[in-house]
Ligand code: GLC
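Read the single chain below, which is given as structure tokens and is the form predicted alone.
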């Protein structure tokens, strides 16, 4: 099939088969296109927030702003107001006989809420406002109250001083037991992006209401703010300032504890253990034996990446593709670190890209680790599903991260990155239609269609459309996921909350 025909086929599948309506208007896409309308299996006929991230990004590039706004508003209607889950957004929803039915984790394996869905909502809201220019929507009370509920959920006292978000197994894209509990990379990077987005959206509303002057300083002494009718404004000012402080701590914490390269690993190996007190070099008591042997060759001399998890005595050095790509896209890591990341991915392309870009994590849990840490999960066998399987829906995240970088930074590595993008795009063009747009692929090289993979998976289809758009239509659109800059917020004059 010629490339242009393939693109038209993918568009037809999205617009004619995957998009569904709520309240008579298109709202989003189902997880996979059913082969038999009379036999819907599992919950693949539902609208997942996570799965609709690429759908909404693509619709924004296509100028379909009303669909995206309807999706965001529908999710907002379903934001939980229950005591234990107040502020979370549903994992998925579906309209049955005119009634919206939402899943807040009560139907998931392990009954775990999808934390990433809530974080993605505010990120998508920010991207929508930036692309559409719809500041009026951002300033509505419904949107602003929804943001306050979300911030109240994720910015609260805990039993740990660390600025990371503690979650159980199954709380994000890796939705089954895979020893990712605790402070997994993907959740921390999404938390960073969500806080940036929330602050940006709050600032829009405050500017619209005249509560920020030209220097972006906050006037807490404005008598209007003492009026009980303006309680929301007071909450916005407080939580915006609190979120900015949290963002600074989170970025510093991530760069200190999650980023590794060959030099840092050498330092970790030589740190003393069993230390106590306020000032210690090895606060998580990492023993040399926990550093895997494969890491030295994996990193090489120039490579660097964000490790999968930080836990006392149990660092997770696995490479998780989505968390690292988003870390670059949201500028959590510096430009120099982004070059190191892309160099590492190029150096290890036989593992991460192979015959179906891209592998979700590397290396897999095997043998006794697989048995103990996954609970004998047959879907997560080594090199399968989320245990180092290959997910074509991830490639567009890599494309947008690298294109953002190469457009901003001139480097000898840019040609290397461009070649990597083009070669793997050709793999998608060749294999995806042959394999019926499968959900995921198994095996060390990603050759086999996943044993339980659904065909005509929507985010596989739309991931291809996004990759084609970014590489062949308009590479400058790689800026669509640009979020507000922490540097701009950090330079703002913040209130003294203790005194005021």
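Quick caveat, the model's predicted, so the values are computed rather than measured. Positions refer to the first chain, counted from 1.
What follows is about the form predicted in complex with the ligand, which we do not show.
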Subject >> Contacting member of 58, 48, 441, 464, with respect to the ligand in the predicted complex [4.5 Å, heavy atom] >> reply: 48
**OP:** Counting non-hydrogen atoms within 4.5 angstroms of the ligand in the predicted complex, say which of 283, 175, 95, 316 makes the cut.
**Re:** 175
Original post:
If we take heavy atoms and a 4.5 Å cut-off, which stretch out of 177-185, 413-421, 126-134, 378-386 is in contact with the ligand in the predicted complex?
Top reply: 378-386
Original post:
in the predicted complex, does residue 460 have a heavy atom within 4.5 Å of the ligand?
Top reply: no
Original post:
Is the gap between residue 456 and the ligand in the predicted complex 4.5 Å or less for some heavy atom pair?
Top reply: no
**OP:** Report whether the minimum heavy atom distance between residue 448 and the ligand in the predicted complex is within 4.5 Å.
**Re:** no
Original post:
Contact between residue 31 and the ligand in the predicted complex at 4.5 Å, heavy atoms?
Top reply: yes
